[in-house]
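Only one chain is included here, represented as structure tokens and corresponding to the form predicted on its own.
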């Protein structure tokens, strides 16, 4: 698949930020797979059901797209901006649980693939984009960073939101998440076949973006 870049990696590696910059720079579509799982969690909360059939009916024939709003990509579902709703903490927790359900992952796979338009291009960000959803992507990136650097980045994000977080607790949380992601039975986090591994520990966002632009 030409004009398709997948960016996989653990939490805090910078893949979301890099994906947004690349999409804006290239004028390509963007797929934030984490946001889609949050959307599924929001839908299941609204209908009080978590089975794929019920959620599938709610998804059917409804538009889902990301749009750049004031330098940030917002998720629109059925014509409504649901970005603020899916960012709620309880939605994030539920999304994490649903992401471990193979039936849910099968349900959402067609939706994820529908974002790819060969005439426009796509930057797909997630944990199984290059390994499961788009194994034939033209360029696959696995973005990584040390656990300490990822915790530091997360701490900065939370401080910007007015929250104080202990660094030791953040590292422990990321280690736990990494362990679960890499050892889960359903779509575990791994380096996709043929992926270019980029360690962003000592790189700026611009340097990472430039490395990927060089590959293009």
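Throughout, rigid core stands for the largest set of C-alpha atoms superposing within 1.5 Å between the two forms. Residue numbers count along the first chain shown, from 1. These numbers were taken from a predicted model, which means no experiment stands behind them.
What follows is about the form predicted together with a small molecule, which we do not show.
Among 155, 33, 29, 50, the residue placing a heavy atom within 4.5 Å of the small molecule in the predicted complex is 33.
The listed set 80, 109, 74, 87 contains one residue whose heavy atoms approach the small molecule in the predicted complex to within 4.5 Å, identified as 87. At the 4.5 Å threshold, heavy atoms of residue 38 reach the small molecule in the predicted complex.
Although the partner is absent from this view, residue 140 stays clear of the small molecule in the predicted complex, with no non-hydrogen atom inside 4.5 angstroms. Put simply, residue 181 is close to the small molecule in the predicted complex: some heavy atom of it is within 4.5 Å. Contact check for residue 129: a heavy atom falls within 4.5 Å of the small molecule in the predicted complex. Taken together, the three residues 44, 55 and 57 lack any non-hydrogen atom within 4.5 angstroms of the small molecule in the predicted complex. After superposing the rigid core, the Cα of residue 176 is displaced by 2 Å or more between this form and the one not shown. After superposition on the rigid core, the Cα atom of residue 91 is displaced by 2 Å or more between this form and the one not shown.
In a rigid-core overlay of the protein, residue 158 has its C-alpha displaced by at least 2 Å between this form and the one not shown.
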